[in-house]
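Before any questions on how it binds or moves, here is one chain, the form predicted alone, in structure tokens.
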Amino acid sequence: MTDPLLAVEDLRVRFRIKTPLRALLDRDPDPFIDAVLNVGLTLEKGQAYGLVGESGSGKTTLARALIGLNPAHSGSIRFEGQELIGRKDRQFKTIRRNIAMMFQDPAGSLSPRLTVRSLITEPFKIHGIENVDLKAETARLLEMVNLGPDIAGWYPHQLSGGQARRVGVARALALNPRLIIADEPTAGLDVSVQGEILNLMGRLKRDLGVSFLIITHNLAVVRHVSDRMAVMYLGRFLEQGPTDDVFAHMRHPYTHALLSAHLNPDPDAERVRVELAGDVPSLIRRPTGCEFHTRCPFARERCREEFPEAAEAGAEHTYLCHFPLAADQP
């Protein structure tokens, strides 16, 4: 049995919020916050995994931990069977050749002083890869993302939003990575262009076997591209599983609230709207019991006092809730 491309187990990412002196003066034995807590996921080769949640839920922190930009406090991150936690930065260089990033703001992430050719071939220079025909590589990469070779000499300000996004994808594909981490891949794009980008990602997944970890608040993106998904809140996975199963049989009220906030394409379908009260709590003062109880319309006394254990809703579909929604909840 081969290893999955990416396997994360019981991951915890912590950040210090007080200096050692301030913590000593305050007699605070734990001057940290947990930005990611007890997270686990498995991503197979050629699949896409969607991370969904409100801003501040921990999605980007988790992604940065996977590539060593945020140090993990504990747990395990295995990429192609290799443990990544504890590696020195220079040891990440080879691994980072196989993990690429697509940034949320494509135009802002592209240097305005570099041409498209320089931008998408820059990874070869960063990783010291020589004896490469950069002109041929430029043509190959532009063709892969359905852009013509004539834009190779253009600068970022000459690109439309969709073109800039495709250039970002081409740059991410330069070193033939196994995994692409896509941060809000369709943010700020027109609906028609969003569809083009999603279809492109689906084609790359199918034809090249590239895997994607997709960070988004757009549930249409997850439903269109992702094979599996997780819903994050305060750094935890409140629900995760196969995308089709989670959409069809959501069990956690937070998942239902996120999904019900988006329009149902069927105007005749009945749909129960779950309203969220208040704002996301501060990580400095995590609520007791179920951490979602302060905003949950179905919370009871048990929710305020007792943290829920993981329960199963189907094959590989799990959730954290004392009083889950019915399996056929619309």
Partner chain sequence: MSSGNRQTGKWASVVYSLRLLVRDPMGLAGLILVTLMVGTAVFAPYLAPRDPFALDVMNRLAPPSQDHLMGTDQMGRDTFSRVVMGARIALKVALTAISLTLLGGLVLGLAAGYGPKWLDNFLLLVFDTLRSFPTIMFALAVVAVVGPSLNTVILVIVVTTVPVYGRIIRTQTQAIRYNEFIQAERAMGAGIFRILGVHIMPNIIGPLLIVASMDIPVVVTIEAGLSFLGLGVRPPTPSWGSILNDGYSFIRNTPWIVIAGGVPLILTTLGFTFLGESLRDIFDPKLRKDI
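None of the values given here were measured: they were computed from a predicted structure. Residue numbers count along the first chain shown, from 1.
Keep in mind that the form predicted together with the partner chain is not shown, yet the notes after this line are about it.
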field: Residues Gly68, Arg113 and Lys125 all lining the partner chain in the predicted complex, heavy atom within 4.5 Å
entry: yes
message: Counting any heavy atom within 4.5 Å as contact, can you tell me which stretch out of 234 to 242, 93 to 101, 208 to 216, 130 to 138 lines the partner chain in the predicted complex?
response: 93 to 101
message: Exactly one residue in Ser76, Asn146, Gln82, Gln158 has a non-hydrogen atom within 4.5 Å of the partner chain in the predicted complex; which is it?
response: Gln158
task: Look up in the predicted complex whether Arg64 has a non-hydrogen atom within 4.5 angstroms of the partner chain, and give yes or no.
output: yes
- request: Verify the contact flag for Arg166: yes if a non-hydrogen atom of it lies within 4.5 Å of a non-hydrogen atom of the partner chain in the predicted complex, no if not.
  value: no
- prompt: Can you check whether Arg171 is within 4.5 Å of the partner chain in the predicted complex, heavy atom basis?
  reply: yes
- prompt: Hey, in the predicted complex, is Phe247 touching the partner chain, heavy atoms inside 4.5 Å?
  reply: no
message: If you apply a 4.5 angstroms heavy atom cut-off, which residues in 22 to 42 are near the partner chain in the predicted complex?
response: none
